[in-house]
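Heads up, the chain below is alone and in the form predicted alone; it's given as structure tokens.
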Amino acid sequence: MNRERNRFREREREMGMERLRELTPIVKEALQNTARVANFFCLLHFTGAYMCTVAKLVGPSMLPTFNDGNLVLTERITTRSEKVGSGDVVLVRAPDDPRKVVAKRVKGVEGDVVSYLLDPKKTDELNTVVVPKGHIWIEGDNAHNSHDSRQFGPVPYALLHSRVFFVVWPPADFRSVGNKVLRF
């Protein structure tokens, strides 16, 4: 009886080992595919966090350069290396509402003297300001309908998110973005 039990146990072990041998390639392939997917998502995160990303522009503040609903590519290398210059279009975390990210044009960087209209809807009165160290001055291209540095003052460089370099959607607006305001 003991011999029979031992043989039975031996067969069970052999069958278990055989089953394990059958499953090993499947498990190995699943782990490899999981590693590929994880690497893809890591690359996607790295690209979005440190290199470039896509953004949808909403609102009229950048008309006529951008239309409401344009999809743009933005890059973060220029902003991280603090090489943003006057005329560049940037995405900035709004100083008065940190939940919002807004697109505006840089009118001045630290040390620049910027003249701006106090309220273009009502008066032609100009005000002048020197952009303090570690800040930028941003304005929308549509001065009559933009909430920007004219209302909240210079923006700390730390709120700078990325620089817009390409419009990708809609196809009719497909183009690179320079540092000049479009005029129609």
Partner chain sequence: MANGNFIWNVGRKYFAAGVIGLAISDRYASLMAVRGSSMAPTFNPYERKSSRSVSDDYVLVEKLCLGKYEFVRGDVVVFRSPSNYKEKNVKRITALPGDSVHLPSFDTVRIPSGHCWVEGDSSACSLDSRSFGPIPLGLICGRITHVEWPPQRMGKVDSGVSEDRLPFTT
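Positions refer to the first chain, counted from 1. If you superpose the two forms and keep the largest set of C-alpha atoms that fall within 1.5 Å, you have the rigid core. As the structure is a prediction and not an experimental result, all values here were calculated from the model.
Keep in mind that the form predicted in complex with the partner chain is missing from the display, and what follows is about it.
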Single option in 126, 26, 51, 43 placed near the partner chain in the predicted complex, where near means a heavy atom within 4.5 Å: 43
The partner chain in the predicted complex has a heavy atom of only one listed residue within 4.5 Å, and of 159, 63, 55, 117 that residue is 159
May I ask you to state whether residue 98 is within 4.5 Å of the partner chain in the predicted complex, using heavy atom distances? yes
Decide whether residue 150 counts as a contact residue for the partner chain in the predicted complex under a heavy atom distance cut-off of 4.5 Å. no
Is residue 74 one of the residues lying within 4.5 Å of the partner chain in the predicted complex, judged by heavy atom distances? no
Would residue 39 show up as a contact with the partner chain in the predicted complex if we use heavy atoms at 4.5 Å? yes
Among 117-125, 137-145, 151-159, 66-74, mark the stretch whose residues have heavy atoms within 4.5 Å of the partner chain in the predicted complex. 151-159
Residues of stretch 68-95 in contact with the partner chain in the predicted complex (4.5 Å, non-hydrogen atom): 79, 80, 82, 93, 95
Does residue 128 move appreciably between the shown form and the other one, meaning a CA displacement of 2 Å or more on the superposed rigid core? no
Return yes or no for residue 56: a CA shift of at least 2 Å between the shown form and the other one, with the rigid core superposed? no
